[in-house]
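Okay, so here's just one chain, in structure tokens, the form predicted on its own.
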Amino acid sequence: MGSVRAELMKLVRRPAAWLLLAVALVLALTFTYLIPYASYAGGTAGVRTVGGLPAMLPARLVGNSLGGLPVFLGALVLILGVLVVGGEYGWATWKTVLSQGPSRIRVYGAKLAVLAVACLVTVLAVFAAGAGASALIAAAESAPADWPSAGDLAQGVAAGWLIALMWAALGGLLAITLRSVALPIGLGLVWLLAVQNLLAGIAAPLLSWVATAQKGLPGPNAGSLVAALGAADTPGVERLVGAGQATIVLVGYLVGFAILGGAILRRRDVL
């Protein structure tokens, strides 16, 4: 617990962590509520968009809150994972940390525990911000505020937490493998924002084996899981597999990333 408290203190006092959370909330609100509502309220030549309002009401809270995790919000969480696990490389403080007594695995486990807390806070914040925005829209338009059930909300938060933690664990693995911060962030963003979208949009329609192989990749499974929970058709969100398979695959990636990162850290020089 001492290592966990130390890592948590470092994260709370790190401005980059709060900046990433702020960016995640701004992106979620802007592209899920602000821009769609501006289009609905104004529309072309003052004509309101038909069918646009239901997508912004509280009934769609779960899907709207999860829609960005397969790609855009997932990229921010991956950056957080790189910063939390790879910060010791950037600051050259691994020797300082380990000389205090804890083993490498204990420090690494503490970093993963803090990442789990940070991912849960991020997901809850996105849900809370979406709830506020959808409630305001419903009140402004005198529309019914039919909220999801407690079970649906819990299921959505759990799914979002799983996806976010999986991406954060990947960021930590990249940081340990490359022993740096900048390069893991760059490679992670290239994969999330470019490669997996190119595979889905260009390669998969042309090559059947690519279409089959992508069903085992983390991004498409994350997109399938949030699509099953009501997320709209946004980049990275497509129901290629069932929710059960997607959950199993994502758990497998999360465990695999975490174990592999710990194994590399334990066996290799930290410098």
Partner chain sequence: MRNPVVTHGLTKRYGEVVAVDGLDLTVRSGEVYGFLGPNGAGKTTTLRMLLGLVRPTAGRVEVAVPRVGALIEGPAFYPYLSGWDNLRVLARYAGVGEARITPVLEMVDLAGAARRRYAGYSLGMKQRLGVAAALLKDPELLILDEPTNGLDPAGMADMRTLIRRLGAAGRTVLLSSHLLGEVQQVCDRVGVIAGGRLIAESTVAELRGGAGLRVVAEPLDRAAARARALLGADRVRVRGDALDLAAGPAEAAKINAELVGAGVAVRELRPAERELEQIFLELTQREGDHRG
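Positions refer to the first chain, counted from 1. The model shown is predicted, which means the values in this text are computed figures rather than measured ones.
Keep in mind that the form predicted together with its partner chain is not shown, yet the notes after this line are about it.
The stretch among 147-155, 168-176, 185-193, 91-99 whose residues place heavy atoms within 4.5 Å of its partner chain in the model of the complex is 91-99. The single contact residue among Ile248, Val23, Val255, Met9, judged by any heavy atom lying within 4.5 Å of its partner chain in the model of the complex, is Met9. Although the partner is absent here, Val107 lies within 4.5 Å of its partner chain in the model of the complex, judged by heavy atoms. Along 1-34, a non-hydrogen atom within 4.5 Å of its partner chain in the model of the complex is carried by Gly2, Ser3, Arg5, Ala6, Glu7, Met9, Lys10, Arg13, Arg14, Pro15, in order along the sequence.
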